[in-house]
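Take a look at this one chain, the form predicted alone, written out in structure tokens.
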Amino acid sequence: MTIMVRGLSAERSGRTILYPTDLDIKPGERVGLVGASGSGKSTLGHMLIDTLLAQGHSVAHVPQSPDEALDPLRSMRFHWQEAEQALRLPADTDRRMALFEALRIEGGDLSKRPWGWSRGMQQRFVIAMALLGTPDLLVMDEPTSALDPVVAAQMMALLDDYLAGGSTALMLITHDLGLAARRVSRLMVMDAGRVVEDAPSERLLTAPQTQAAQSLCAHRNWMKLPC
């Protein structure tokens, strides 16, 4: 079922930071939300998550850094069990191993705390938790910002493989056009709290129509990035 929201908006201290926005996301679609810092990308993502949850959709969020999702004083096993309980899912070793193998973290010691795992493994663990309930939409907000480019590229490739053919849609929020260009089929450009352009990735990259999109595409060094 297509995800549809209408009139998403937000204000802060009496100032509009997100103007009314409509969104349609098809099952399994890969959407990139790009724009300069402060353009309203994360605000739109958070408003979308809150609205969809209120509508009864299953939505999962992957933050910029695993530090935002993992308690350094708790074991990785504790985090996984908490995620299962939050989703009211019975413990299932086979399900966990399937996700861990897909994201290449099957060798991780669940008895350790987060700092006992590498940063890349921590972030893939967070993604595994997000995928645990097979959400309608996975929202990833700058998910590679805490990783080096090679590790980031590997992580996104593994996620692509896992999502392929499934119904979970992806919204990738990033200022990194190189990351988005290689991972999504549709790009939305934000500027000053508005979505100013929404087009298939190839068309937007080759013929951007707005000043904001043209400015992003003008920095051609993004094409050299491995992500």
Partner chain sequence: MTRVVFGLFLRACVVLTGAAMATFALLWHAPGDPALAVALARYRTVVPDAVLDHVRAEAGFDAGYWPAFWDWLGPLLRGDFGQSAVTGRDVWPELVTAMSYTAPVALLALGIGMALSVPLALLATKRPGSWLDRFAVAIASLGVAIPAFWLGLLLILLFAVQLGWLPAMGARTTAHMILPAVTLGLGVAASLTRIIRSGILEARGKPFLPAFLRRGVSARGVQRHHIAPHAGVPVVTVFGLELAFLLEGLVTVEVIFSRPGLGGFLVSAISARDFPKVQAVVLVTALIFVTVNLLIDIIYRALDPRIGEQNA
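What you see is a predicted model; the values in this text were computed from it and never measured. Numbering follows the first chain given and starts at 1.
Here the subject shifts to the form predicted in complex with its partner chain, a form of this protein not shown in this document.
- In summary, the region of this chain contacting its partner chain in the predicted bound form, judged by heavy atoms within 4.5 Å and restricted to 186 to 194, 164 to 172, 60 to 68, 26 to 34, corresponds to 60 to 68.
- Its partner chain in the predicted bound form is not approached by residue 89, whose heavy atoms all lie more than 4.5 angstroms from it.
- Although the partner is absent here, residue 50 sits close enough that one of its heavy atoms falls within 4.5 Å of its partner chain in the predicted bound form.
- Interface membership of residue 137, defined by any non-hydrogen atom within 4.5 Å of its partner chain in the predicted bound form, is ruled out.
- Looking at residue 73, you'd find a heavy atom of it within 4.5 angstroms of its partner chain in the predicted bound form.
- Along 73 to 100, a non-hydrogen atom within 4.5 Å of its partner chain in the predicted bound form is carried by 73, 74, 78, 79, 82, 83, 86, in order along the sequence.
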